[in-house]
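The form predicted on its own is given below as one chain in structure tokens.
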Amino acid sequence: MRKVITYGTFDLLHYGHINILKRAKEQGDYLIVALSTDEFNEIKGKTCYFSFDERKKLVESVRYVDLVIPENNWEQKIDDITEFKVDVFVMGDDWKGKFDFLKELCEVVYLERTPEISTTKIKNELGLNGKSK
């Protein structure tokens, strides 16, 4: 079985998220999503509309996703790849080159984002940036 992992916040789940999850799953047989916790988002300076538990339920309901785990810090990627015996690490191409150091452990793939949609764009258009529920 070829295992794939990706990381993200997945706030305000939209079709761009679905596209990247579908394409990540196409890289293997089993997709793990490491979902940023509320505490980690605070460290990153991100404000989410939905809580970790709410975002986890949303992501778990996507048919391409097999397992959702918490992302607690930047450094856990190596441990996750080792623990879950990951074959492919997938991120959006806006991260291109940032995770090449993981190539010693697994294949690293950067997927093109859906250009016309993003959570930031939705939040800006709705006037939600910097605001939580």
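All figures in this text were calculated on a predicted structure; none of them were measured in a lab. Heads up: residue numbers just count along the shown sequence, starting at 1.
Unshown form predicted together with a small molecule; subsequent notes refer to it.
Report yes if all three of 3, 57 and 60 come within 4.5 Å of the small molecule in the predicted bound form by some heavy atom, otherwise no.
Zero of three within 4.5 Å in the predicted bound form.
Which of 85, 103, 44, 98 has a heavy atom within 4.5 Å of the small molecule in the predicted bound form?
For this set of options, the contacting one is 44.
Answer with yes or no whether residue 92 is in contact with the small molecule in the predicted bound form, where contact means some heavy atom within 4.5 Å.
Answer yes; at least one heavy atom of residue 92 falls within 4.5 Å of the small molecule in the predicted bound form.
Just checking whether residue 40 would be counted as a contact of the small molecule in the predicted bound form - the rule being heavy atoms within 4.5 angstroms.
Yes, contact at 4.5 Å.
Quick check on residue 71: any heavy atom within 4.5 Å of the small molecule in the predicted bound form?
Yes - in the predicted bound form, heavy atoms of residue 71 and the small molecule come within 4.5 Å of each other.
Should residue 22 be classed as touching the small molecule in the predicted bound form when contacts are defined as heavy atoms within 4.5 Å?
Residue 22: no, not in contact with the small molecule in the predicted bound form.
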